[in-house]
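Only one chain is included here, represented as structure tokens and corresponding to the form predicted alone.
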Amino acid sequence: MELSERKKQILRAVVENYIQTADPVGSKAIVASSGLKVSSATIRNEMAELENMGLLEQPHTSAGRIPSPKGYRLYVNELMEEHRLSMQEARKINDALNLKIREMDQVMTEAGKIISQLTKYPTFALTKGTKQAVITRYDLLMVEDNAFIAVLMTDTQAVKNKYFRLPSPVSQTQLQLLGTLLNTSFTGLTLAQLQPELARVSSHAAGEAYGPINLVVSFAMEVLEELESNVVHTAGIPTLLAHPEYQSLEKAEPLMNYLSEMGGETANLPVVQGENVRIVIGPENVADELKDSSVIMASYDIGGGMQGVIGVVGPTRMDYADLAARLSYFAEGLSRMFGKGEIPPPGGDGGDEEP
């Protein structure tokens, strides 16, 4: 869609004023903020044309206009300037990353909480990938004569442990032999491969020996099933109520229920493909509950063919440039943390100094 430079300036001013105030934007506000040397009457005529083009809407009998989803999309694609994080913003994100959380589901939970605190919007976090997870190592730790802890490590950097109590005592030597067997026969196998291997080993193992093997391998299958379920972690859902668009319970409740019940259901979530940050505006969302909201997502590499996605959900009146910059920076930090075991330097790479 071709717009004159003046129409672009007016549309940008409407979007950015509405993001800040949540009130319909009138011609006087445009004159004050856009720098255009034209009369209010000229601005009103241009706004009427933008409305006819489907880029602005006039709510009820208000004299002002608000952006339409189509207007937001044009703004994001063509008019939005890249937002650079300040040193203070970058430092806050880096401080969070410095926690060096390593267990995958804990990362997903904590990443969502941190992003919600930084953005003041609800967040979601999930992992997805083309590769099935496998167990890479088993460690067995003696606790008592008839009890031990199994520690499992996966190729997605998840570490899980479980306490087992046996009906009869087991020696340290027996436990070491069990650990050797597990690391020899049950590593590098997918969830689908573990059950047949367990059946094969059971045909050769003595009755007493099979019991602990079955316990640990069954736990390994539970771990892999959980990792492959693509569970969505959400945080900050009550923050919706702080925004004018959701102060009506009738408007807020369906979205809050949708976010609360996401669980492992990712089918209706937008997907980030071939891009680091994706913005989905209003009606572009598949889920009906998101039709009046926008979703901003950023992806990061976990390694081993796995990708993580973090996102925020809020009204279409969001500061897309600022939120995209925060999510992108946070995702880049997570990629470095998982890929190389490092994070950005404390000041951030290229953040602007505070004035």
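Residue indices: 1-based, along the sequence shown. In this text the structure is predicted, and so the values were computed from the model without any measurement.
The same protein also has a form predicted in complex with the DNA, omitted here; what follows describes it.
- The stretch in contact with the DNA in the predicted complex, judged by heavy atoms within 4.5 Å, is 25-33, chosen from 312-320, 286-294, 326-334, 25-33.
- None of the heavy atoms of residue 307 is located within 4.5 Å of the DNA in the predicted complex.
- Using a 4.5 Å cutoff between non-hydrogen atoms, residue 50 does not count as a contact of the DNA in the predicted complex.
- Although the partner is absent from this view, residue 69 stays clear of the DNA in the predicted complex, with no non-hydrogen atom inside 4.5 angstroms.
- At a distance threshold of 4.5 angstroms between non-hydrogen atoms, residue 7 is out of contact with the DNA in the predicted complex.
- Contacts to the DNA in the predicted complex (heavy atom within 4.5 Å) from stretch 25-47: 25, 26, 27, 37, 38, 39, 41, 42, 44, 45, 47.
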